[in-house]
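Quick heads-up: it's one chain on its own, the form predicted on its own, in structure tokens.
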Amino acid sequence: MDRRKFLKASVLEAAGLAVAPAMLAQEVRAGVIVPGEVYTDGKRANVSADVDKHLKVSGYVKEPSHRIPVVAEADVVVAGGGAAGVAAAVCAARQGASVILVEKANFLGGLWTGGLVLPVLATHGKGKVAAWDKATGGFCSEMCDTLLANGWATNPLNPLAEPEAAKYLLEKTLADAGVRILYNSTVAGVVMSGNRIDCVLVDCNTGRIALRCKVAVDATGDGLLFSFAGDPYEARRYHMSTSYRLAGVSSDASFCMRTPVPQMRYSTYGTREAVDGLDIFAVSQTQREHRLAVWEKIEQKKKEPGFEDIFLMELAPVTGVRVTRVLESLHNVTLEESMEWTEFDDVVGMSGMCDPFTYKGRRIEKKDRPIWQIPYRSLLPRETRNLLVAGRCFGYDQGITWDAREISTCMVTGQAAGTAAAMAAASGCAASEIDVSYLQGRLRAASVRLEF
């Protein structure tokens, strides 16, 4: 072995990495940083996992084994920059953790901003004492209160945000917390050490890179990390929608909602049938149909008196996929628990009411829907020890999908997951082994509501 190869092998061994023969046969060019590289055969980073359940598969190809450079390390890596991911990243950083956030778009907010899911719903519900009680606090209230105070949102009960203002606020809050961010970067897999995630693999325009972490938070909305890690989950179907904003609306229009911007309104066009959000062909076709239908709908509306000057200002760049993968957590919250004032010893947040639904044959109106607790166990996978899950893919029953996937609940679960991730990274323990009472104390100190 020549000196160059010997030095390469020594560096890798010192880093505690398995040295594969194929790596030793490769020369190291001047200027190439070798010490952070990991070797993967793709077994635990298979992007085709379970694809045959959602797409017609005609065959398979095998991706060659290759080296992936580790370009950064952090206490916590958060996958997904939606409402849940930003809450997780900011709250982990505020607890003293070093944090990297990975986001596939070039802006923050996910479906809240990019999907134009502008109203922050499920913030209130029936209380044990108050007839209409606020369930959320903490990071969610911080964002909503700031938007309202600056005139960037309407309706204090369920704030309807101006999306560009929300993007700015999330960006500023993330920057102030010292979180590093990778935009235009898609989670592509994980590298496991036993039942722990050692690295999160990311595809970007420089190629595939690896981010080493102590703890990871899955806030992708689609459960990408826990799917790659091999944790059990349930794939669900729901109807899809595409939201849009109209300009030039000078008169009251019952077919759309007011926004903080004068003469601009907001509306949604959606499917009636459930769509498999993991079938990329179905999602793409639905998006095409929505885009054509919305444009034609507005063109037709222009022919009505009083609406001659309206025009389509923006069609949501992010498709409104409501649910795909949902984690089979240590405890999935059930509809019955949410309706019966169930108290959890490990409560880390609360949610409220979105829309009326049927429960035990009875229609539940908004005024009859209790606020409900979210247990820490619902954020924990059954197998991966250093992973937490936040947002619409945490563990909950099909019956409470409407409330569990809302922007407010995403921020609540994100704050809990990020705070817990920082604690686990600092102590070097599994996410399930942290002191939950201490976690609850930190959440209360951040104005998160835990009790009825």
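This is a predicted model, so every value here is computed, not measured. Each residue number is its position in the shown sequence, starting from 1.
Below: the form predicted together with a small molecule, not depicted.
- With the partner omitted from this view, the residue of R237, K214, H124, K104 that lies near the small molecule in the predicted bound form is K104 [heavy atom within 4.5 Å].
- Residue S241 is the only one of S98, N332, S241, T146 with a heavy atom lying within 4.5 Å of the small molecule in the predicted bound form.
- The small molecule is not shown here, and in the predicted bound form it never comes within 4.5 Å of any heavy atom of S351.
- Heavy atoms of R208 never reach within 4.5 Å of the small molecule in the predicted bound form, leaving it off the interface.
- Using a 4.5 Å cutoff between non-hydrogen atoms, C410 counts as a contact of the small molecule in the predicted bound form.
- Proximity of A88 to the small molecule in the predicted bound form falls outside the 4.5 Å heavy atom cutoff.
- Contact with the small molecule in the predicted bound form, defined as a heavy atom within 4.5 Å, is made by none of G138, L169 and T259.
- Shown alone, this chain has one stretch from 62 to 70, 379 to 387, 420 to 428, 398 to 406 that lies within 4.5 Å of the small molecule in the predicted bound form by heavy atoms: 398 to 406.
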